[in-house]
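Given as structure tokens, the chain that follows is alone and in the form predicted on its own.
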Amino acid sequence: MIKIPTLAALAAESKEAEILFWVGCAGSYDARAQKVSRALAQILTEVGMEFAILGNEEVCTGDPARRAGNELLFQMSALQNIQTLDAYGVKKIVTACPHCFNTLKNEYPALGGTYEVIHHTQLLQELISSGRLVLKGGGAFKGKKITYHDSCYIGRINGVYEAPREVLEALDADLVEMKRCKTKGLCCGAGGAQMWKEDEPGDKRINVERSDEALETGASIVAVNCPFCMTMMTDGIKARDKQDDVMVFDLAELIIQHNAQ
């Protein structure tokens, strides 16, 4: 059992955290994304990083509200979070959600909230390259074909392409790219508040289109870095009845599985 302190608990003891883990709505409430949250928390604990969460004081960043056109709700959520973060003197934030990452990093400064925000794939790469996170030789994925899906908010919007790929290379996996990747990567379909919308008219769902590209690589694992991408790619692979042959995992989960061998 991993015991993760809240910033409130640390403040009561006059202590500070090295970094705030922003869990996000999906990482808190979605059963599948919760596994990613636990995997990241386990990694941070094992490398000795002093981190904390906001717990019940964390509310949605407001990303879905802004994308859906509800600017008032976005600003209400954002200002509440900024007030909380500033009250604790937060300087550095890590999150496993690209939507939270983009909003905290690029949109909160306009409302007065400026922090160093890092996505968990970037942090994992830093921990590996600095030697704080040691990956065992061999491991569960040595020589296995893995394809990586660039999420929109980490890839094309924030230009983070190499850090997650360097993590996969550290696993001794055989990285096989989809025909549309990096700057030409295809959206999984759940950005822009699409997760909460009904399908629009068309003859093919975009997540099935993207999943077909992943299946074409012949990879047995699809690596993702986003809870929305996790849902959409998993559903797309199930739509092709390939869920027993191809698994979808977050990079943090792959590291845990690798070192468990």
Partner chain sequence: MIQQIVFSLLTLAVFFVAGRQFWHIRNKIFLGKAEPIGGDTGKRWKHVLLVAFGQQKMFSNWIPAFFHLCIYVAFLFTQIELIEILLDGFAGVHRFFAPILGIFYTLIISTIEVLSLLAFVATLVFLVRRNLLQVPRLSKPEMKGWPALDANLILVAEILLITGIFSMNGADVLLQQLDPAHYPDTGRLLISSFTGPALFGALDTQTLVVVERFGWWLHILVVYGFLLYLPFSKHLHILLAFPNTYFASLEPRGAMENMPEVMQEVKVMMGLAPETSGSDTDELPDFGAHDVFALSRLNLLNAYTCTECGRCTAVCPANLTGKKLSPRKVMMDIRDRADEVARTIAASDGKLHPKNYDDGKSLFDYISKEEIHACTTCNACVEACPVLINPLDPILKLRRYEILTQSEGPAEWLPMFNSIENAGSAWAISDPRDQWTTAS
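Residue numbers count along the first chain shown, from 1. Quantities reported herein were computed from a predicted structural model and do not represent experimental measurements.
What comes next is about the form predicted in complex with the partner chain, which is not displayed.
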item	value
Contact flag, Leu215 vs the partner chain in the predicted bound form, heavy atom cut 4.5 Å	no
Touches the partner chain in the predicted bound form: Ser129 (any heavy atom, 4.5 Å)	no
Proximity of Ser37 to the partner chain in the predicted bound form, heavy atoms at 4.5 Å	yes
Touches the partner chain in the predicted bound form: Gly48 (any heavy atom, 4.5 Å)	no
Per-stretch contact check against the partner chain in the predicted bound form, the hit in 121 to 129, 166 to 174, 85 to 93, 70 to 78 (non-hydrogen atom, 4.5 angstroms)	70 to 78
Heavy atom within 4.5 Å of the partner chain in the predicted bound form - qualifying residues of 22 to 50	Val23, Gly24, Cys25, Ala26, Gly27, Ser28, Tyr29, Gln34, Ser37, Arg38, Ala41
